[in-house]
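Presented as structure tokens, the chain that follows is alone, the form predicted alone.
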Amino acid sequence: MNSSKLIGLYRALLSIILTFLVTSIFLIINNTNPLLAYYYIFIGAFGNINLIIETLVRATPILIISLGLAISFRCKVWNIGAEGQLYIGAMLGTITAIALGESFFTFPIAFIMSLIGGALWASIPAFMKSKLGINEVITTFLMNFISINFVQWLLSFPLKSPETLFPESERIPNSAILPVLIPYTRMHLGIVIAFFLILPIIHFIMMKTTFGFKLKVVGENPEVARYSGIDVEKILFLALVISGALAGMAGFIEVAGIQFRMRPTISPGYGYTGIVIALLGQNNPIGISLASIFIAAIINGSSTMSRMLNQPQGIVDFIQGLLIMFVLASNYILRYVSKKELIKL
């Protein structure tokens, strides 16, 4: 393992350890044994085959979104709009599936349209960033509210299901639903697509291609990249658009694999959770896959912990917030620890 990967591993482990230490303090203050709390989180996530599958189900959209965010973060384009891109991609994929009806081509076309939807929505802040120099953090974040509220309006009025009369779409046709791989579970084909197709492809793109190298160079020093003949604005634009496309894909896989309808609550914040995962995984696809399962386990296991120990389930958001802070501070903490010769970098 080279030094940069070793430092990345140290940063991730340090962030997780500090997060659990601080969380433990708050649990103790609340008269709860932290070891028992973490035990119930583990049991709730991996206690049996069904719980393991549910953890993988939860990890799937998070993984796909995080891989897209890793591409943009690699070149220092901070896409905070994955949540909105997920909604647009899922909505467009659902509309396409319903319009096409039962057909062999329904799923692949709807799948492609979800990619296009997420990419088009991301292309707006991408254009503002690459051509106008407008800060993408502000534009991507604000566009979340536009997309989510627009989708909620569509589901409440023009696309409201005539069957249920709830603010949700019609059920997508069976030909658009991802097949279940293990009977009587929710182990659908989307999990395999995410972990055994999307993950290797993104890993190859980021680690083995010229485009992946350009992402890294632009992220390290845009001026050096420009001097080397790299079209920096093009790379920034493509990074954000690809990131949005993957977020849109994650949204439709959630519809086709789990929900079967587009709902205004399709995502419990996967787009924001993806930011935590990408940072924790150090923008490395392998690290991101492990971090996705880790966070999914905490999300799923916290419900068991909450039920058994009478703790608020909001502890998940608390843990994610701490992770972000410690990941961002991990470089400075590592330097301090290295100066004190407590660890050799």
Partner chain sequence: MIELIISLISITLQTSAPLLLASIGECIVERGGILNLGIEGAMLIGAFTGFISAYFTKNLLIGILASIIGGIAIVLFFGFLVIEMNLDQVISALAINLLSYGICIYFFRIIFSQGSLPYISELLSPIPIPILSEIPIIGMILFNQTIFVYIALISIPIAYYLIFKTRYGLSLRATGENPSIAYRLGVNVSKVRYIALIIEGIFVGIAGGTFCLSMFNVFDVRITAAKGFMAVSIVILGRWNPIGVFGGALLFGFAEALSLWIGTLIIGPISASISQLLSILPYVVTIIALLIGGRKAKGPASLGAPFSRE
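All of these numbers come straight from a predicted model, not from anything done at the bench. Positions refer to the first chain, counted from 1.
The same protein has a further form, the form predicted in complex with the partner chain, not shown here; the description that follows concerns it.
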- Among Met325, Leu21, Leu9, Val337, just one has a heavy atom within 4.5 Å of the partner chain in the predicted bound form, namely Met325
- From the list Leu51, Val276, Val57, Ile293, which entry has a heavy atom within 4.5 Å of the partner chain in the predicted bound form? Val276
- Query: Among 192 to 200, 106 to 114, 139 to 147, 245 to 253, which stretch has residues whose heavy atoms lie within 4.5 Å of the partner chain in the predicted bound form?
  - Reply: 139 to 147
- Message: Would all three of Trp78, Gln311 and Asp317 be in contact with the partner chain in the predicted bound form, where contact means some heavy atom lies within 4.5 Å?
- Response: yes
- Would Phe42 sit within 4.5 Å of the partner chain in the predicted bound form, counting heavy atoms only? no
- Task: Spell out, yes or no, whether the shortest heavy atom distance between Leu132 and the partner chain in the predicted bound form is within 4.5 Å.
- Result: yes
- Going by a heavy atom distance of 4.5 Å, is Ile298 a contact of the partner chain in the predicted bound form? no
- Task: Using the partner position in the predicted bound form, report whether Asn30 sits within 4.5 Å of the partner chain, counting heavy atoms only.
- Result: yes
- Note on the structure: Near the partner chain in the predicted bound form, with a heavy atom at 4.5 Å or closer, the residues from 150 to 180 are Phe150, Gln152, Trp153, Ser156, Phe157
